[in-house]
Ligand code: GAL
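There is one chain below, alone, in structure tokens, taken in the form predicted alone.
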């Protein structure tokens, strides 16, 4: 069914705004891996420092598992105080239905419009000129993560791009390695295809297909090349028998797999494992072919509640999440880039620095979540689950299905 106070500016001493009464706020999210848990603990610590208390409502699984639960609670009259969604259109219907708190007063008081970079992240929180969420990070899908140990064991150099990675697959297999680690969560194969699309077909084709919903472009030779690369990817990942994305990342960390196409949230797992970028693992933005990042990521929305103290504390939490100190602490643990363009990230590792350089260059794309509705995304996910698990589906058959999805996309 279609579901349609000001706070003082943070002082340089990192003082946080306080509520009149200490409040427990339940915050739901799907950050449950080691790296994710370390990052979300930074939010909790910063909010607790205001005299309030973060009540952690982690939902195991992934966004695809968590979002229906979150939405059901909000529409069913049992809202949490704050909840994670990805940048884009996932909460659009909840906002249209009047179920989400308007944060425009907080955003204007703190000058978010002058701080958030790129501005499209705040645009994704905006509907009819009003701001309904706080963006907390920039996560890009456009990365290939490589195990230096796996390639050393196989006796081949660490690849510098996708073609070299594919060419190294036989040597990896001969050394008992899985060339490409891919988990069975639906969004993983779909996301990997989108990374291949940007790298091999280019950003202009990406914008035509997902931005313009151009079915003719989806049927074209550039996308045919991407499906052939996806066919290579499914062959290289045939023995990757894991479910969750972080389990696939662990195959790379432990040298059991050569690489993984995954967003930069994978960095949090490498960090928890004590691995060092450039020494233990290598990162290739844009698969080493087309250095670009997508500006996906996470934002927090605040369901409307009938409690003045909770409402006030929601504003405090929004302010804390955007504070420079919290932005640095959280994103260094998460592996993502901060949404504020004015923070010091001298402690960033080599891979994060690559992302920051690309962001500064302006070579960025919106995330697929910002361009497609949840319904279209689900159709796309279903297609790639079938494609990666059914070797009888040819690239040509899969592309024909893809064209139908794009032709009816909203």
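This one's a predicted model, so the numbers in the text were calculated from it and none came from an experiment. Positions refer to the first chain, counted from 1.
Heads up, the form predicted together with the ligand isn't pictured, but that's what we're talking about next.
Heavy atoms within 4.5 Å of the ligand in the predicted complex belong, among the stretches 307-315, 226-234, 69-77, 294-302, to residues of 294-302.
Of the candidates 282, 271, 190, 86, 86 is the one whose heavy atoms come within 4.5 Å of the ligand in the predicted complex; the others do not. Checking 162, 206, 132, 245 against the ligand in the predicted complex, a heavy atom within 4.5 Å turns up for just one residue: 245. When contacts are defined as a non-hydrogen atom within 4.5 Å, all of 30, 36 and 265 contact the ligand in the predicted complex. At the 4.5 Å threshold, heavy atoms of residue 139 reach the ligand in the predicted complex. When contacts are judged by a 4.5 Å heavy atom cut-off, residue 177 does not count as touching the ligand in the predicted complex.
Along 323-349, a single residue, 334, places a heavy atom within 4.5 Å of the ligand in the predicted complex.
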